[in-house]
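In the block that follows, a single chain appears as structure tokens, in the form predicted on its own.
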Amino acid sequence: MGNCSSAKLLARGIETIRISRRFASDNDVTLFPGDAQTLLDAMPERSVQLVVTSPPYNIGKAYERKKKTSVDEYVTQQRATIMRCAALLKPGGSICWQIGNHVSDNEVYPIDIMLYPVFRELGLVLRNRIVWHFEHGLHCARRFSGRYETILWFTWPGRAYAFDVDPIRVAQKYPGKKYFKGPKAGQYSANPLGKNPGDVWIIPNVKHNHVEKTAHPCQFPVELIERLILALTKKNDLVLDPFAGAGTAAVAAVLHGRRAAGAEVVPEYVRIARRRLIAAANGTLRTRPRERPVYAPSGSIAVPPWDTVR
């Protein structure tokens, strides 16, 4: 495919998308096989609408570029990437930093709390600390088992940042509820499009027999990133993931008509991401159905998916 390593893929009708190794502003997808900083340095400032990523947690995984290091050194490494991402962010854009905990000698270090001052020093404002809850993970013997991670959503100051909750509203808990008194008495009180999903998201993580599972050990579920993309971006906006992994952020962007850019140092994961992007573009990518309940004992009733409650 030449140095640009691009591929034309059938997406919607006669439309095509282009996957390229080198960044260009008109790329549909940039999938850079190398260090994030190299990709970020090649991108123009104020070109990105959404940065959404899950950086390495400094826990010694094989896919981490550097071996497990001190917490201070880890924060210093993250600072360099965050600073460059902030420089790339448009005035109305968002940064969503999804992170878990670093554990050493059975002591938990909350990485999101340690990184928060870095974002604030850059002048960014925290709009939400989203808790992503899931049911599966390692079982702990000397502390409670971890079953959540967090997403820090930052924007620039002011009220001009992009945010549209309507595309991601979820089913109302009490859809028939009405106002009891006042000028609206007797009228339905619930939004007919559904309710705001709040800042606690219960979405299964990608483990074992999950339909989206690849060889990557710490993979995003597509639904998690879809919510952020649909709420914080518009068609053709650029979505950046500096730690692309199996390419889930880029996949979610392609599924919803956004452009994407990402970097990944592990060749196997780059190949996985490319295959998933091809499948997303031609409509064959398998993702977990949103209408499937997280936990459905016999006789339970499924809640409608958020993208059909409109």
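Sequential numbering from 1, following the sequence displayed. Here the structure is a predicted model, which is why all the values come from computation and not from measurement.
The form predicted together with a small molecule is left out here; the points below concern that form.
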| query | Among 22-30, 277-285, 237-245, 42-50, which stretch has residues whose heavy atoms lie within 4.5 Å of the small molecule in the predicted bound form? | reply | 237-245
| query | Would Ala263 count as a contact of the small molecule in the predicted bound form, using a 4.5 angstroms cut-off between non-hydrogen atoms? | reply | yes
| request: Find out whether any non-hydrogen atom of Val118 is located within 4.5 angstroms of the small molecule in the predicted bound form, and reply yes or no. | output: no
| said: Whether Ala171 contacts the small molecule in the predicted bound form should be assessed with a 4.5 Å heavy atom distance threshold; does it? | reply: no
| field | the small molecule contact in the predicted bound form: Phe154, any heavy atom under 4.5 Å | value | no
| request: Counting non-hydrogen atoms within 4.5 angstroms of the small molecule in the predicted bound form, say which of Met114, Cys218, Ala162, Ile130 makes the cut. | output: Cys218
